[in-house]
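Taken one at a time, structure 1 and structure 2 that follow are two forms of one protein chain, written as C-alpha cells.
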Structure 1
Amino acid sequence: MIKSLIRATAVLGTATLLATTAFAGDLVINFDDPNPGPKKGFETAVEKFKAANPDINVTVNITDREAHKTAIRNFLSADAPDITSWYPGNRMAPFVNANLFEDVSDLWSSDANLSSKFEAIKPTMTIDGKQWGVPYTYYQWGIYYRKDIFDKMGISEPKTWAELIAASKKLKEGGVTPFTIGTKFLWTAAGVFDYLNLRTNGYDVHNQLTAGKIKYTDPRIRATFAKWKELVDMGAFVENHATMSWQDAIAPFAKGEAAMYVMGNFSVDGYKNAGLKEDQIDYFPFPEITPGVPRAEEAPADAFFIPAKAKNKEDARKFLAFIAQPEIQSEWNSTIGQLPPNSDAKVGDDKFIQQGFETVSTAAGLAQFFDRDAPAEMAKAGMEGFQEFMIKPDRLDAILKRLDKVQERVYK
C-alpha cells in the first residue's frame, strides 16, 4: 500500500512537472492585421522564432484591427495572451496607467542595446522613463496617386497647396474624383486633418493641440479647417465615404474613379491586390500650405507588448528580443513595404520604401498620428468631429465648440 502510494506520488509529481514544463513553453501571441502582406511578414517571423526556439510552442491569434481595438481591454484584463500587438504613444498610455502592460525596460538596456538602435522611436515607447514594448515597423503617410491618370491628364506632382487645388480641379473636369477615402472607422479623416494642420501650422501646434494646450476654436485650427473646406466644397472626396472602410476605399482608386489617397504606406499592398501594377501607382509628400513651415510627417509605429497578466513572460521577452534583431526587421519590413525601426536594419529597394525613407529621414518632426498623439477619449471625439465636418461642413462652429468641451474634461 505504502509502495503503491509512493509510486502514485512519484507519477503525479512527474506529471505535474511535465505539465508545468509544457505550460512554460506555450507562447500565445495576438496580432491585429490579417491583410496578406502584414500576415505573411508576421507569420514568417514567427516561423523563424520557432525554428530558433523549438522548445517553445507558439499559438497565434490573428484578427482585424477594428476587432482588436474593441477586444484588447477585455483580453488584457481577463484572459491575457503572452504578447499582443498594439500602438505606441498615447494609445499605449491607458494600458500602462492601468498596469495592464509589462515594463520591458530591461530589454532596452540589455546586451541587445535597443536604446541606441531604436533611438529615433524610443520616445514614443517611453512613459515615466520606462519602455513598454518593442516596435517592429513604422511607415510614412502621404499622398498615393494614380500616376497613369496624372500622366494622361498632364498633371505633375503638386508641391504647393495652389498646385494641389489646381490638380484637383483638373481631375474633376476630367470626370475623376480627386481623393478616395473611407471614414467608416474615422481614423482616415484624422490623417487628412493632421496633414492639413501640420502644413498650415506646423509640428509644434500639432503637439500643442493633441496635448490639450490650445483649443479647437483657436484661429490656427480654424485656418486648418478652412483649407479642408476648400476640398470639401469642391467635391474633392468620394461620395458615401462614411459607409466605407479604408480597404473599401481602394476600389474607386483601383477603378480609376478617384486619383489620390491620403494614406499610410501599408496600403500599397492593398492597391496591388486590387489589380494595380506598380507603375500605375506613385507617391508624393503632402504639399506645402504655409510657406516656411518646416515639413513634418506622419510616421506611426506598430509594436508588440507583454500584458501584465501574461502567463509566460520569459518566452515573451525572448520573442520581443528576437523580432528586434536587424535581420528580422529587414525581412519583415521588406515583405510589408514599410520601414524597420532598428537603425542597423536594411531598407528594402522597393520604390515606396525608398520614398518613405527619404520622406521621414528628411522631416523636421515625426507625428505618431492624431489618435495616437491624443488621449483616447479626445481622439474619438475629434475623429467623430472630422467625419461630421466632411459630411456637414456648415456644422463647423458647433463641432469645434463641442471638441473644446471634451478637451476641458479630458485634460483636467
Structure 2
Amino acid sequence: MIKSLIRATAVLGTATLLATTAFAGDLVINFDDPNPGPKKGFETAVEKFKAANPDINVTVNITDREAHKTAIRNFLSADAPDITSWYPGNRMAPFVNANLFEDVSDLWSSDANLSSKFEAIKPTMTIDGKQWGVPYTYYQWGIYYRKDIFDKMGISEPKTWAELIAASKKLKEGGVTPFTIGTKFLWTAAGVFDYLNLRTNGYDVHNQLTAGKIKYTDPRIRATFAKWKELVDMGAFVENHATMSWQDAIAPFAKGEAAMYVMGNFSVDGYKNAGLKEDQIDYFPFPEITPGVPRAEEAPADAFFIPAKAKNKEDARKFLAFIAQPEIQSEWNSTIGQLPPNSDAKVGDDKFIQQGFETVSTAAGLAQFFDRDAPAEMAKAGMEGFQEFMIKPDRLDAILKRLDKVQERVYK
C-alpha cells in the first residue's frame, strides 16, 4: 500500500516536473476573456499561429477577466507565462516600472507591420520611449441611441452641444429620459466626463489632467463640469443610476424610457440581447462643444505582453509579430465586433464597426480612458467624485478640492 503510494507520488512528481519545465518550442499564453466571441477570435488566431509554426507547442490558459486582474500580479513575479493579455496606458505602468514586462521596442522597429501600420496607437503602448506590448483590438466610444424614438419625435443626430441640449429637452417633453447610465461601478461616469472634457478642452488637456499636470480646480476643468451640470440640472440622466451596473442601465434603454447611452461598442451585444433590433439602435460620435477643438475619441485597446520572466521570449516575439499582421487582425476583430489597430487590416461590415472606424480613424487623437490614462488611485478617487457630482452637483467645489488633494499625493 505504502509502496504503491510512494510510486504514485514519484510518478506524479515527474509528471508535474515535465509539465512545468518549458522546453524550447513551448509557448504558454494567458488570455483573459472566456466569453464566446472573444474566446473564438483568440483561439482562431492561435490555431493559425500553430499551423504556421508547427514546431512550437502552444499552451493556452483562458481565465475570467476579473480573476485575471488579480492573478497577473502573482504569475508575473512567480510563474510567468510567455505571453499574457493586459491593457496599455497607465494600466501597464506598474508592471513596466516593476520590470515585469519585457521591452519589445526591437520588435516595433524591425517588424514590417509594427514599424509602420500602428502609428495611431503607438503612443499608448509607449512608456519611457519604449514599447511594451502589441495591441490586437480596440473599440470606439460614442453615443448609442434609440433611432425609432428619435424618428418618432423628429429628432436628428445632434452635431453640436446646442443640438444635443435641444434634443434632450425634446425627449424630456416627450416623457423620455435623454440618457441612461449605471454608475454603480463608477467607470461609466468617467466615459461621460472624458467626452465632455475632450470636446470642451481637447486632447492635450485630457492628457495633462490624467498626467497630473493640470489641477481639477483649473478653470478649464470647471468649464467641463459646467457643461455636465447643464445636463444634470435638466435631469438628463436616469434616476437611481448609482445603484445600477452598466448592464442594468440597458433596461431603461431597451424599454424606451431612455433614449441615449454614452458607451463603448462592446455594449451593442447587450442591446440586442435585451430585445432591440438592429434598426432600432444607431450610433453618433459625441457632438462638438467648443467649436474648433480637434475631435479626439476614446478608443481603449487590448494588447499582449511578454513577461520579463518568460522562458521562451524568442517564440513569444514570433507570436506578437504574427498577431500584428493585417489578415490576422481583420479576422480576429470581425469575429469579436471590434476594430483592428493595424491600419492595413479590413474592418468588419457591421454598421457599428463601420461608423466607429470612421469616427476613430478621422480623430485627431485617441484617448484610452480616464481609468487607463490616470494612475489607479487617482482614477478611483476621480470616478467617485464624478458619481458624487452627478448626484449632488452643488458639491462641485468640495469634490474638486478633494481631487486636487489626491492628485498632489499620487503624482509626487
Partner chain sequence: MSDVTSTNMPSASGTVDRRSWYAKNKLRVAPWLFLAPALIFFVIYVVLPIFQSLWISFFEWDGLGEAKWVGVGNYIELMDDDRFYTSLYNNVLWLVLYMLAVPAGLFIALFLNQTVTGMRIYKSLFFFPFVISQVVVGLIFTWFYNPNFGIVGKIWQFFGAAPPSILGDENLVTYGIIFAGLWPQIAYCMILYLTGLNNVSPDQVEAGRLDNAKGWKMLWYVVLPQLKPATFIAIVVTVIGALRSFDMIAIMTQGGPYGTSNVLSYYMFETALSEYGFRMGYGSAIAAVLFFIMLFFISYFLWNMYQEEKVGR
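Every residue number counts along structure 1's sequence, beginning with 1. Under this definition, the rigid core comprises the largest set of C-alpha atoms superposing within 1.5 Å between the forms. Keep in mind that this is a model prediction, so the values were computed, not measured.
Chemist: Return 1 or 2 according to which structure is the form predicted on its own.
Modeler: Between the two, the form predicted on its own is shown as structure 1, not structure 2.
Chemist: Enter the domain rotation angle in ° for the smaller rigid part relative to the larger one between structure 1 and structure 2.
Modeler: The computed domain rotation is 19 degrees.
Chemist: After superposing on the rigid core, what is the C-alpha displacement of Ala345 between structure 1 and structure 2, in Å?
Modeler: The shift comes out to 3.2 Å.
Chemist: After fitting the core, how far does the CA of Lys311 move between structure 1 and structure 2, in Å?
Modeler: C-alpha displacement of Lys311 between structure 1 and structure 2: 8.7 Å.
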